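Presented below, as structure tokens, is a lone chain in the form predicted alone.
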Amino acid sequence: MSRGRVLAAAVALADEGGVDALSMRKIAQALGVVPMALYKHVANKNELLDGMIDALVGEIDPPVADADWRTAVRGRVLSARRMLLRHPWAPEVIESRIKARTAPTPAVMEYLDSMIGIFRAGGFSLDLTHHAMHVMGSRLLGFSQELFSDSAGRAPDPDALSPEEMAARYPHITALAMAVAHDRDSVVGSGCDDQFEFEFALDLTLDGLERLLRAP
């Protein structure tokens, strides 16, 4: 018995019957153990769901070596899309857990940090990277929805990393967070100008459509 086996069994059961039907009892039955044996590896349902998300993110292909930024980003996003097609219950769980937590799970943070690093290595400024992450949103994880929900009034996470630990573990995310101007009233995330980000994404989309329209 290991945490990995518990999470793999949970993912398989969710694939079969949906995440709403998932229970510790069913996971235990699938593994041939008593339910209490699972709590050594996952403390509760929320920790189980977080672990399942991290297991799925681990299925996303790593960046293609020596690829340009566009190829690298497109390849990983399409890999994330394929992952979600294998696990159609995942988008709702990812969205609900991101909203419930003060920060995404460690594997999601590492993935996002890596994607920011790809943009930066491709010559993007921190400001342009900030806009790019908004435009991509949840598409980075293979589905269309706002990636972060920074709700006001949320209780602090007692297990949150200190700023120094955050900088050491997620250097690109920290650099980006320190670089953007913060707007407390934003509904799309702390530090973001709602109207500007909306118009930036809209104009970028329209520019792309116009380019396609003019293409042979």
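Since this is a predicted model, take the numbers as computed values, not measurements. Residue indices: 1-based, along the sequence shown.
Another form, the form predicted in complex with the DNA, is not on view; read the next lines as being about it.
Shown alone, this chain has one stretch from 66 to 74, 29 to 37, 162 to 170, 49 to 57 that lies within 4.5 Å of the DNA in the predicted complex by heavy atoms: 29 to 37. At the 4.5 Å threshold, heavy atoms of residue 14 stay clear of the DNA in the predicted complex, well away from it. Contact between residue 22 and the DNA in the predicted complex is found at the 4.5 Å heavy atom cutoff. Although the DNA is not shown here, in the predicted complex the stretch 42 to 65 places heavy atoms of 44, 45 within 4.5 Å of it, in sequence order.
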